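The chain below stands alone and is given as structure tokens, in the form predicted alone.
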Amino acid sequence: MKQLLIALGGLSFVFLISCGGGGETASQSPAATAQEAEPPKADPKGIGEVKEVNLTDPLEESMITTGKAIYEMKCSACHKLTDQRVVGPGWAGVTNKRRPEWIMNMITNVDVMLAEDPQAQKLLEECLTRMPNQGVSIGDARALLEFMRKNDVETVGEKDQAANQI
């Protein structure tokens, strides 16, 4: 019995040594630690199919009408046209803060944007509610963008200030 206890104690000691650790080791280089600490760089155009948007001036009235209808059907429950945040952020001034490509990628590619885009992730942290994928097409997203541009002219007096942001 005594020999069995000694053998079990020895096995336990070997097991603890072989499974121990897991904490920080001196072998981690400072460069590797610095790379891990750097936040990923955000692409001001976001992540998705939309790489470039040609903005019109004057605004395109037919797209505004379509965009307003889509807003009322799919967006108005969570987004107001003012700067008031309800579930999602208010839309006032959005084209002055975000590039048109980013806005359209957020509308059409929301799941990937929330998973990988640092700006979208920051919005998620602020709003605490994940934007649902509404299944909006690229063409409908462009109409929504045009509606947002018109809303910015009406609510904050200017539009597209972020269009050429790098």
Partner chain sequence: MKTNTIFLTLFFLLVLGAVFLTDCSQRTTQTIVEGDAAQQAYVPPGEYDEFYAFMSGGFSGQVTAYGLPSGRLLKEIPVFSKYPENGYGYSEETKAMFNTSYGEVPWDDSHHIELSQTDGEFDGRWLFVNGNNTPRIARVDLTTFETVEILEIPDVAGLHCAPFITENSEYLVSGTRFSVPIPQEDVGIDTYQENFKGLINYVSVDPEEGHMELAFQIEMPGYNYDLARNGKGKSHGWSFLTTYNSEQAHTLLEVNASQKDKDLLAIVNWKKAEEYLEQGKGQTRETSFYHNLMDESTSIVNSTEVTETTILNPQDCPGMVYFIPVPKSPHGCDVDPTGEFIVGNGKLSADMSIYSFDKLMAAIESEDFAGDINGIPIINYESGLHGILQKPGLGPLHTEFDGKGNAYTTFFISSEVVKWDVESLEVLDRQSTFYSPGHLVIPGGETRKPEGKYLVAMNKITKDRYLPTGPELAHSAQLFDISGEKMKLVLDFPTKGEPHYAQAISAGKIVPNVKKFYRIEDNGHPRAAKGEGQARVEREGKEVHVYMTAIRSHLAPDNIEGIKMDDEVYFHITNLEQDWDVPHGFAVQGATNAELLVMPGQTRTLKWKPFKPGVFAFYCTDFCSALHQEMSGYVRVSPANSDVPLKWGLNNENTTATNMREQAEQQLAQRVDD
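Positions refer to the first chain, counted from 1. Since this is a predicted model, take the numbers as computed values, not measurements.
FYI, the form predicted in complex with the partner chain isn't displayed, but the following is about it.
The candidate spot formed by 56, 148 and 153 lies out of contact with the partner chain in the predicted bound form, as no residue has a heavy atom within 4.5 Å of it. Listed stretches are 44-52, 97-105, 115-123, 128-136; the contact stretch with the partner chain in the predicted bound form is 128-136, by a heavy atom cutoff of 4.5 Å. Contact annotation: residue 92 falls outside 4.5 Å of the partner chain in the predicted bound form, judged by heavy atom distances. Within 4.5 Å of some heavy atom of the partner chain in the predicted bound form lies at least one heavy atom of residue 140.
Contact between residue 83 and the partner chain in the predicted bound form is not found at the 4.5 Å heavy atom cutoff. For the stretch 49-75, the set of residues having any non-hydrogen atom within 4.5 angstroms of the partner chain in the predicted bound form comprises 65, 66, 68, 69, 70, 72, 73, 74, in sequence order.
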